[in-house]
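A single chain comes next, written as structure tokens; it is the form predicted alone.
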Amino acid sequence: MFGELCQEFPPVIIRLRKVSSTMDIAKEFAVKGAPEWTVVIAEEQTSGRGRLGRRWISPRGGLWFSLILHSKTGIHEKLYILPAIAGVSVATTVKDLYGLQAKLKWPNDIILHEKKLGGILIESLAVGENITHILGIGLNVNIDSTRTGLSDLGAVSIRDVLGREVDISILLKGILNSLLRYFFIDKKSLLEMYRGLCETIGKRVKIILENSVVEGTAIDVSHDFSLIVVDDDGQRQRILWGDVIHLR
């Protein structure tokens, strides 16, 4: 019913062709008792989504997957740094495999050449008496962004930059290995790596919050992975979450 269940490479990988969203399918498997680190990957999503339920265009040729993390692993203590763990994992893997200098846009975007290469999404649900978190990662890999219209939305793919297609299975394996490694790295080392990859630091930014808008210069990422901004009034602000636009 749910496609091929493959255990050749740990963790369990569930490979699907076309789904509404890997996030939704991962939640179904989590409720049915899927083990820790189960991965749901699809060739195509018809209703992929990003933060705040925004539509995420997910045609064939991309890497669309979701990872199940149960509360028993201590994920609650790491939840606020999970976007950083995922971002560092993706950026370092893309560099190691293809020599591309992928960067991070706070809080959850992966960018390449100032364009959006991918994004990270985290959603939670109750499973019995425990809370399970689903980590979703979407990357534009073997997609012609001009033909699909993604370039008009400010997106780019690995194929666009390399001029050739790459093996998505190898990319997935590399990212999973990095996730497992950085999940257990000490926070200080993770923060140093994140700061080195974060393209938002030093940029003039516009940040859309729930009830206000902040404009200023992003100067750092704090110990709790919040964004530190000096606004146009010269006030130092700590931003926990928001939509960030790089102005220059």
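The first residue of the shown sequence is 1; numbering continues from there. Since we're looking at a predicted model, the values are computed, not measured.
Keep in mind that the form predicted in complex with biotin is missing from the display, and what follows is about it.
Proximity to biotin in the model of the complex holds for none of 87, 104 and 191, with the criterion being a heavy atom within 4.5 Å. Of the candidates 156, 176, 82, 121, 121 is the one whose heavy atoms come within 4.5 Å of biotin in the model of the complex; the others do not. Within this chain, residue 23 lines the site of biotin in the model of the complex, having a heavy atom no more than 4.5 Å away. In the model of the complex, biotin lies within 4.5 Å of some heavy atom of residue 116. Under a 4.5 angstroms non-hydrogen atom cutoff, biotin in the model of the complex has residue 137 among its neighbouring residues. Biotin in the model of the complex is approached by residue 56, whose closest heavy atom lies within 4.5 angstroms of it.
Remark: of stretches 206-214, 27-35, 40-48, 179-187, the one touching biotin in the model of the complex is 40-48 (heavy atom within 4.5 Å). In the model of the complex, just one residue of 99-115 lies within 4.5 Å of biotin by at least one heavy atom: 109.
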